[in-house]
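Below, in structure tokens: the form predicted alone, a single chain.
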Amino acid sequence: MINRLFTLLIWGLASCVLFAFGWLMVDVLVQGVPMLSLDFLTSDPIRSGRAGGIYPIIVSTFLILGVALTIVLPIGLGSAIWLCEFSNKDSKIVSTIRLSLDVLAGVPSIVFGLFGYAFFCGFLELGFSILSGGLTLACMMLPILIRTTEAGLAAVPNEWRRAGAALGLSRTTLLWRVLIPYAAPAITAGLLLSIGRATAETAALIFTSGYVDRMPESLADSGRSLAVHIYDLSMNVVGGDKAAYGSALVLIMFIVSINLLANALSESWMQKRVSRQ
């Protein structure tokens, strides 16, 4: 009886989550699909976003995310590899770094926004720009990517490392041929989690990339992301709810597409590595 009640409780909680998610998706689809059109995706906003499209918003979102990924990928992967493979895991410095990363991963985004405004916009004099927004998002994404990648590398059996050393493999070859392919699912998961948080971010970008909804000419220009655009239409623009729903649907489609693409690339990479071995 206890097992049945516990199973029923688990199914009930899972059903509540699925119901809430389904309700949200149905609401966005019902309200957002009528707004989707080629003109909506390729034209500029008009009347503060009440009319027109979101083309400059999409471009700004891609540019901000591109800046963040350019910083995050080499630094995040390199830091995770150093923490897992080249550092003394029992040292106080490494323990402090891990604790700091865990704390940073849970810091509210508004704190990162204030930091980005003070440091990137003010101290470095980058102003409200796509570059400031991308660098701020990179600070938010790094802790998640580093910790998940490190966990994936730590899950590789130590016997594989000893076998590689016995075969005379260099540490670089062992990393590239064995450890990183094995940790590819964890790396992909960390990357997707960090991208999902960055793409849907609002508070941090309001203080760094700004509100401007025109087409950016360079990374030094201010640009409005999709999340900020949705927030502005919902909270500050009277009659902007329909455009907000359309923008929200585009944002969801963008995040789903990134997830599918990352999973496909990860599986393809794994299959190629396995076939070569």
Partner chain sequence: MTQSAGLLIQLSHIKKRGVDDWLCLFLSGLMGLTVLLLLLIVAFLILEAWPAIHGDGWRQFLRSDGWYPLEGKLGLLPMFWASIAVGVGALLVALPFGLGSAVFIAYYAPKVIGKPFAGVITLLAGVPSVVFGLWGLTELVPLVNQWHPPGASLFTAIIVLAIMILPTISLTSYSALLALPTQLQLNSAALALSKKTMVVGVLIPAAWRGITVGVLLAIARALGETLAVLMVAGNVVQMPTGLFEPVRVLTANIALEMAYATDNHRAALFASGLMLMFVVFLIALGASKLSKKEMSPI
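Since we're looking at a predicted model, the values are computed, not measured. Residue numbers count along the first chain shown, from 1.
Keep in mind that the form predicted together with the partner chain is missing from the display, and what follows is about it.
Visitor: Answer yes if any heavy atom of D241 is within 4.5 Å of a heavy atom of the partner chain in the predicted complex; otherwise answer no.
Guide: The answer is yes: D241 has a heavy atom within 4.5 Å of the partner chain.
Visitor: Taking 4.5 angstroms as the cut-off for heavy atoms, does A203 touch the partner chain in the predicted complex?
Guide: Although the partner chain is absent here, A203 would touch it in the predicted complex, with heavy atoms inside 4.5 Å.
Visitor: With the partner left out here, check for me: in the predicted complex, does some heavy atom of S234 sit within 4.5 Å of the partner chain?
Guide: Answer yes; at least one heavy atom of S234 falls within 4.5 Å of the partner chain in the predicted complex.
Visitor: Check S48 for me: does it contact the partner chain in the predicted complex (non-hydrogen atoms, 4.5 angstroms)?
Guide: Contact check for S48: no, nothing within 4.5 Å of the partner chain in the predicted complex.
Visitor: Tell me, which of M35, V28, L41, M215 has a heavy atom within 4.5 angstroms of the partner chain in the predicted complex?
Guide: Result of the distance check: V28.
Visitor: Scan 9 to 48 and note down the residues that get a heavy atom within 4.5 Å of the partner chain in the predicted complex; none is a fine answer too.
Guide: Result: I10, W11, L13, A14, C16, V17, L18, A20, F21, W23, L24, M25, D27, V28, Q31.
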